[in-house]
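Before any questions on binding or motion, here is one chain by itself as structure tokens, the form predicted alone.
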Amino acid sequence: MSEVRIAGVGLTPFGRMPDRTGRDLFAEAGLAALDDAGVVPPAVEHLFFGNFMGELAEHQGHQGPLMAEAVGVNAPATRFETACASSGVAVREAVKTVRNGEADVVLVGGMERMTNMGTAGATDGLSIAADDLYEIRAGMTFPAAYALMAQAYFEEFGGSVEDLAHVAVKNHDNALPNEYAQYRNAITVEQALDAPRIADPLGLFDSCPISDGASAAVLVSDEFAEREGLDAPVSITGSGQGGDKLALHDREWLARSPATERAAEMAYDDAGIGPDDVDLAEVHDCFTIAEVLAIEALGFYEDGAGITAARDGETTRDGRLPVNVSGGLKAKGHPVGATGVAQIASLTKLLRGTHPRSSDLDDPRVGLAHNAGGTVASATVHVLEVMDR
């Protein structure tokens, strides 16, 4: 199998851009990734694109060819929809395509346009990632769903809203120099605790924002990188995907994430590493409790031990395992179809030393990206490593 190198990455700023079209957003990110890679559009052999609710936000389906046209690519183009894990699944397919020799160059990315729908419209649109018959019709939204998961966690393992506030404070602080982040403002634990409750025990600062944005990455075979003289020191060495029952009431656990556990086990086995080998991670913190569940399911902490990690300084930039140095979904933003590849882009920059937070880290060599869909009914995990040049 061919080794999969990340030749280039590109992002738009994440935030409120209701007047920009989806194709415009993806063109910016895709062309930036190609420019970063030093690869011209005609060299791209496949485009894999993640998007969740384009039909609702823009009345636009069949987005693969549309996005290929936007970046000047004339190649097969496929859209992936797996709720918030849409572009994480697209990355997994891109990795397999390069590994099996079907293509030397794949452009992978994602986009979501949400703010044009308004808060109520976006909340309603996001809800279709849940079970319509048994959850949506009962009035459940994702803040409420993750509040149930937080309540279950506190009941089974303990913890407090103050522990969750430390997650929010950490990720806001991480995002301060990130030019692509939606929220570049520091907050305090007191501000987080005093903010309005949106679904008990979760408050306003426990939630990621509604975001517009796009992301892209150019994945190439090591043979192509060597032949073309590309500077591509970061490889994707492990890939995994897991699933769980869609509706919360059908699950055995609410305070665990089996889909993440399965995806992580697969990715670790694929890369030939374990959780102790990971130097930093970008995890799916759509809500602060989601970061806690993720770091436990990824094997960084035992069940019930991750709740105090941010409070104890273990997941801060100078901690033993920096988590969400980009700011995470919480502060960087969460244009859902773009998030999985945005995590890959952030880790690539951190590992190759070109991220504004790179100087805060102690020469990381191994990164992990965790992308989740819905209440983690779907999850992908990818391992990124710096290879010897």
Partner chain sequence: MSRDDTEAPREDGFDDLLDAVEEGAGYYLSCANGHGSLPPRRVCPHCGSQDLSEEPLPDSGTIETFTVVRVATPQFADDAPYVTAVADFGEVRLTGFVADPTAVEVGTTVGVGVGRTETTGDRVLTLDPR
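Nothing here was measured: the structure is a model prediction, and the numbers come from that model. Residue numbers count along the first chain shown, from 1.
This protein has a second form, the form predicted together with its partner chain, left out of what is shown; the following refers to that one.
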query	finding
In the predicted complex, the one of L230, A75, A152, I273 near its partner chain [non-hydrogen atom within 4.5 angstroms]	A152
Contacting member of A195, L176, M266, L148, with respect to its partner chain in the predicted complex [4.5 Å, heavy atom]	L148
Per-stretch contact check against its partner chain in the predicted complex, the hit in 295 to 303, 230 to 238, 92 to 100, 134 to 142 (non-hydrogen atom, 4.5 angstroms)	134 to 142
V278: touches its partner chain in the predicted complex, heavy atom cutoff 4.5 angstroms	no
D124, heavy atom within 4.5 angstroms of its partner chain in the predicted complex	yes
4.5 angstroms heavy atom contact with its partner chain in the predicted complex for A186	no
is_contact(H172, its partner chain) in the predicted complex, heavy atom dist at most 4.5 Å	no
